[in-house]
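Heads up, the chain below is alone and in the form predicted on its own; it's given as structure tokens.
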């Protein structure tokens, strides 16, 4: 480890997060089977494969355009199961509450969680509550866990072991919306158009994609954004990635905010975007099918897996050049999920 103390950047989903996971947690807990880190662990049980995941949520502010910490906690956990090819079955939720939090705020968050879980068809079946002294936390932290059953034909999606040169890369819509929505709410920026978070449960979308066949990998692009997902996918693998800037959907509101504040949309967090790697012969049909889904009307094929430049991502820019894309080096937006 290059650092002797934890920095905000260790929670960014970027290079420092990767270093922390590798040099501390994996050092003592061990690597998963196959060595690839997915959003959920796949457990082989007598009655089929199960997926298990856990996540913590520390977003600031608690409420933002398009969502809140409660909706985010449920959707984030459901999505971590769904992108591993699992049908979500049940969730647990633990709350760390700071003394002085208005009860009406807590109830509003809990109601949001209940509504989102009901929409997703999953139950919150267990939980825990801790209260800490005033000033010892920041209003409310939520930790969730989830379990799901791996769908038929999706057994290798979490491990990405079927990814190969020639595969195409698809995303279900514009990137960076969640990060910029939280930034707007946090900073109370007075801009012409309010950017809405894309926070949503993606399990139905993922189920449709898997049913189309040819899916080799899925991951929701949360902390670290699209860049982090693809950098982790090709790290130490015998392939590289070509991305095409003109194909990557970015809303005008997000693009304008990123230019104003100096952010790269590729590194900005999402909470309703799934990156899908699909066999080339299935890609166009999948794209046309998903575009009928309300969470994928802006879907696009944005790149491909290549046998060139192993372990690297090259972005082909709109002006005809190209640049290397890597994990973000520090923390752009702390406390976004």
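Numbering follows the first chain given and starts at 1. Since the model is a prediction, treat every value here as computed from it, not as a measurement.
Keep in mind the form predicted together with another copy of the chain is missing from the figure; the text below concerns it.
Though the partner is left out of this view, residue 152 does not reach within 4.5 Å of another copy of the chain in the predicted complex, counting heavy atoms only.
Contact check for residue 219: no non-hydrogen atom falls within 4.5 Å of another copy of the chain in the predicted complex. When contacts are judged by a 4.5 Å heavy atom cut-off, residue 292 does not count as touching another copy of the chain in the predicted complex. Another copy of the chain is not drawn, but in the predicted complex it has a heavy atom within 4.5 Å of residue 127.
Residue in contact with another copy of the chain in the predicted complex (any heavy atom within 4.5 Å), chosen from 259, 252, 246, 107: 107. Shown without its partner, this chain lists 93, 202, 169, 195 as candidates; in the predicted complex, only 93 has a non-hydrogen atom within 4.5 angstroms of another copy of the chain.
Residues of just one listed stretch (159-167, 140-148, 260-268, 210-218) have heavy atoms within 4.5 Å of another copy of the chain in the predicted complex: 140-148. Contacts between 54-83 and another copy of the chain, taken as any heavy atom within 4.5 Å in the predicted complex, involve 54, 55, 56, 58.
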